[in-house]
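The chain below stands alone, shown as structure tokens; this is the form predicted on its own.
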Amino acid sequence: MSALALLGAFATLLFAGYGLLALLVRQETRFSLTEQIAFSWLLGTGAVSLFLWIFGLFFHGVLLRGSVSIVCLSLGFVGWRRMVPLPPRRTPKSFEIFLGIIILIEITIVFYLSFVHTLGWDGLLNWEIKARYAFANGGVLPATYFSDSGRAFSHPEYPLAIPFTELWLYLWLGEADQFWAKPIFPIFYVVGTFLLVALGKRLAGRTWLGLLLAAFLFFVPQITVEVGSAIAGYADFPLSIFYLAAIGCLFCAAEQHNTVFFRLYAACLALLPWVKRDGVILWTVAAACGVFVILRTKRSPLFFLGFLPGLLIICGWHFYLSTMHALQPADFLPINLESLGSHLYRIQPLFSAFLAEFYNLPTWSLFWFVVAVGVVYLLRRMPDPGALVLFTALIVPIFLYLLIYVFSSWPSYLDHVGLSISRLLMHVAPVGFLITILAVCRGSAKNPTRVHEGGMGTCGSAGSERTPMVELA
């Protein structure tokens, strides 16, 4: 019975996401099956958690679950009527099959590790606790939860994408069993590998390159086994995958002037602040990159409407917290010029702490060294708007995170940053993989070319794969 309930929960999530994907794509661009699954999961988890929160303002219990289910099934029907076209099938090469098998083994290991380990501190006491409270209250967080000082440790002000995705499973199961919430996080790992493969093909024109980078994802300890990794139940890794999707789609939109990818970028962008409070910083950076692309490619001012959903989520959530009289977080001082001036001395030690993290081999292995080499290659392509987007999306959040800890209220601000620095850097790590793909592609190209409008530059010289982007798998 539990298996059928879980199947129904995951199916409705994917139905909702696929329907939204079909509405955004409008049959204008071909997407591979793995891309469709990846975007369906991202859009589905974001949409269902938002539906639960918004509908929960008006009713709860069976009516809440039923109404959200009806919306999910309706979106699934829309997706069935307007199915996203698949690219032409081709026979994979032997090396691609080998890499695919390696990735499948890695995914199996990540699922196994997720099931045999308990949820981490944040996974239990920041996220799962919200799902449990909401489940016990008919699918709606109790109003007293937000103002109860005894529960301030669980950060009531944090947004609800992850806990309400867990809540959706609990509502279908009929019980709050955290064991069944665990699959959510390795699924995000699967989505991350799917996106890296797809974006590798779209950036470089070579499937094997995306597969190779997706296989290397497993060998970054911070992503697979460290605190806050894909097996720990934290929101940091899901946030990094949403950020990867947003920046990857924006790069495609900048390269090929395709409105489909800009619509997908806007959808993933809007969900960043709904996944974690840090997502507001990533939203700001990704939105600034989007403004640059709009102006650089001389698009219609109507494209600026793509930032409206994210602004509505940010403002709506803050208004809701104000209405609920939610406790304010005590981890940071008020952000103003006075606090900045009195704590400027922290910048140099914080910079040293961030710098030391980049060569923390037990946590990151050689990942940041490889990314640094990729950035050097990327600097040669700075006039390219897509390259500038990737560079900005990687570097600027790191400096903003560093600046935020200038306002830490902890007695030892270095202890504060030390506990979270690796998870913060993980937010932008998948973008580092995109930079590596682009560097390998552009660095090895003898005669890089651009295909017709609707396509993009590819890697290599004559004889390499040169396929219009709209046809890429």
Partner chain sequence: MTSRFSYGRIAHAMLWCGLAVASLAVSIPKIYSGATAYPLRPTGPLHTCDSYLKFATGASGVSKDLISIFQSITASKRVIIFTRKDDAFSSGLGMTSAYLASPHLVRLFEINGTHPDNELSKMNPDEVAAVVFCRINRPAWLPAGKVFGSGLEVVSMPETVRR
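Residue numbers count along the first chain shown, from 1. No experiment lies behind these values; they were computed from the predicted model shown.
From this point on, the text means the form predicted in complex with its partner chain, which you will not see here.
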Exercise. Going by heavy atoms within 4.5 Å, which of 294-302, 83-91, 332-340, 119-127 lines up against its partner chain in the predicted complex?
Worked result: 119-127
Problem set entry | in the predicted complex, the one of Arg346, His155, Arg381, Arg132 near its partner chain [non-hydrogen atom within 4.5 angstroms] | Arg132
Exercise. Which listed residue (Phe95, Phe219, Tyr359, Phe399) meets the criterion of a heavy atom within 4.5 Å of its partner chain in the predicted complex?
Worked result: Phe219
Exercise. Looking in the predicted complex, is its partner chain within 4.5 Å of a heavy atom from each of Phe58, Asp236 and Trp317?
Worked result: no
Problem set entry | Contact test in the predicted complex: Arg151 vs its partner chain, heavy atoms, 4.5 Å | yes
Problem set entry | Non-hydrogen atom contact Leu388 with its partner chain in the predicted complex at 4.5 angstroms | no
Exercise. Is the gap between Lys182 and its partner chain in the predicted complex 4.5 Å or less for some heavy atom pair?
Worked result: yes
For this session: Tell me, yes or no, whether Ser40 is in contact with its partner chain in the predicted complex, where a contact means a heavy atom of each within 4.5 Å.
Result: no
Exercise. Out of 172-187, which residues reach within 4.5 Å of its partner chain in the predicted complex, heavy atoms considered?
Worked result: Glu175, Ala176, Asp177, Gln178, Phe179, Lys182
